[in-house]
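Form predicted on its own, single chain, as structure tokens, below.
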């Protein structure tokens, strides 16, 4: 696959023949069975499917968190898994944002410090990093929570901090794995509106994993995964 083919027609990310096999004792469990998937810039793509279909595994591989057993993942013309772990971590921190069902905030740090963490890793100037983090917390409606630690925040507030952290380095793409899974309906709607606004106003590409058909309907561009395969072959949105 040539680099110019990856970037053609606004393609941001492309997965080719992705397989993932886990060893379980003496047997092998094939979770992904040759996935071809194309993600275009500035769009929202929703991955749906039953429990055990391989949704989260696919998300982790596309996002550089887990190496495939076989296959390639290209992001911005770069073959992610051709890089050593250290360089892959740098690319992931700079170009990719993550929002999970569990917020994974560091409990000993404030909301402001949690948001700033990726920019610290990236080497951003401290003053600039704090200013960006403050701006993002204001944007997600937490201007009065700068110095609160996760234990002092509600579930919805923690997820909003996680959203701010995901976008602090201005990533090319955000992966969200069941982002509303632990939220009530009010906070769920607020978070979904926030993600839609990020896509609409900032042009951030989103890939959202969900089992909720209502959420999938709001985002559109649905990719259905079942038994480790995409139904209908390659999904190009």
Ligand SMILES: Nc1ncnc2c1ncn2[C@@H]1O[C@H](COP(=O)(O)OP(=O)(O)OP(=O)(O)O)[C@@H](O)[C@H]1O
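Positions refer to the first chain, counted from 1. Note that this is a predicted model, so its numbers are computed, not measured.
The same protein has a further form, the form predicted together with the named molecule, not shown here; the description that follows concerns it.
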{"query": "Single option in 31, 194, 65, 183 placed near the named molecule in the predicted complex, where near means a heavy atom within 4.5 Å", "finding": "31"}
{"query": "The named molecule: the contacting residue among 168, 204, 53, 39 in the predicted complex [heavy atom, 4.5 Å]", "finding": "53"}
{"query": "Residue stretch of 53-61, 196-204, 168-176, 183-191 approaching the named molecule in the predicted complex, non-hydrogen atom distance within 4.5 Å", "finding": "53-61"}
